[in-house]
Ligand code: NAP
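In the block that follows, a single chain appears as structure tokens, in the form predicted on its own.
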């Protein structure tokens, strides 16, 4: 029976790890807080005392952590997953990290004989729990073929963008565009409120008109109603992703003005005031009198 180590049990990671149990894998899990693993342990997962412990004898190690620093910690510290992984083991990074970090990790882990695949995902926690994520992959074709049995439980769409790092490039583009859309949506709704428009009509028109996108559809009514229950993506995570994306954009488009910078600045404010709250609460910052 194939063995998977899953590291990082946040809103997305819990559902993803559960999918490996559903698929019949032998699963070891680690998270900074054991409380988030209790349900998985009850379902048959083995609790590991460290990322290194989780990775012992694993055929694939999958990480879903917050950022570059967390990724570096769970892979490369003295009790990190890579400490004793066997040569040829798959190292599947589902976290959204910076492009530079993905390339660095590929080099470091590759030098140890491990197969690093950048595989950030798109989809909400509900999709993670049902195996319906879209996987944005950067890998050599042969490595992707080898990894497919370990990707199938968590995603029903695999988009292979090319070599290692390319999946992360697209994920950062995707999340930067999301940040711009959400920030501009908040600004538009604040304008409509100040102008005295019928806000129910505004929400309906935005969600069904020419500017509608999944982000606009998801957030427009929530912003109008100021209903941010069931947060699935926080202001702090959106800021992190947008910041990584703008760093990449500045390296690729050094002579171009970047609209993404404004979104990063807006989410820096949101991160400072409400880091763990839903990203849609950007409306409260934009609409607040100065």
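Residue numbers count along the first chain shown, from 1. Computed from a predicted model, the values in this text were never measured in an experiment.
Keep in mind that the form predicted in complex with this ligand is missing from the display, and what follows is about it.
Query raised in the report: Contact between residue 102 and this ligand in the model of the complex at 4.5 Å, heavy atoms?
Result: No.
**Report entry** residue 121 within 4.5 Å of this ligand in the model of the complex, heavy atoms
**Finding:** Within the cut-off, so yes.
Query raised in the report: Quick one: is residue 12 in contact with this ligand in the model of the complex, heavy atoms, 4.5 Å cut-off?
Result: Within the cut-off, so yes.
Query raised in the report: Should residue 64 be counted as a contact of this ligand in the model of the complex, where contact means heavy atoms within 4.5 Å?
Result: Contact check for residue 64: yes, within 4.5 Å of this ligand in the model of the complex.
Query raised in the report: Is it the case that 98, 178 and 239 all touch this ligand in the model of the complex, with a non-hydrogen atom of each within 4.5 angstroms?
Result: No residue of the spot touches this ligand in the model of the complex.
Query raised in the report: Hey, of 54-62, 252-260, 230-238, 40-48, which bit sits against this ligand in the model of the complex at 4.5 Å between non-hydrogen atoms?
Result: The contacting stretch here is 230-238.
Query - Listed residue that, although this ligand is not shown, lies within 4.5 Å of it in the model of the complex (heavy atoms), from 165, 125, 153, 80 - result: Contact check passes for 125.
Report task. May I ask you to list the residues of 68-98 that have any heavy atom within 4.5 angstroms of this ligand in the model of the complex, in sequence order? Result -> Going through 68-98 in order - heavy atoms within 4.5 Å of this ligand in the model of the complex - the hits are 69, 70, 73, 74, 95, 96.
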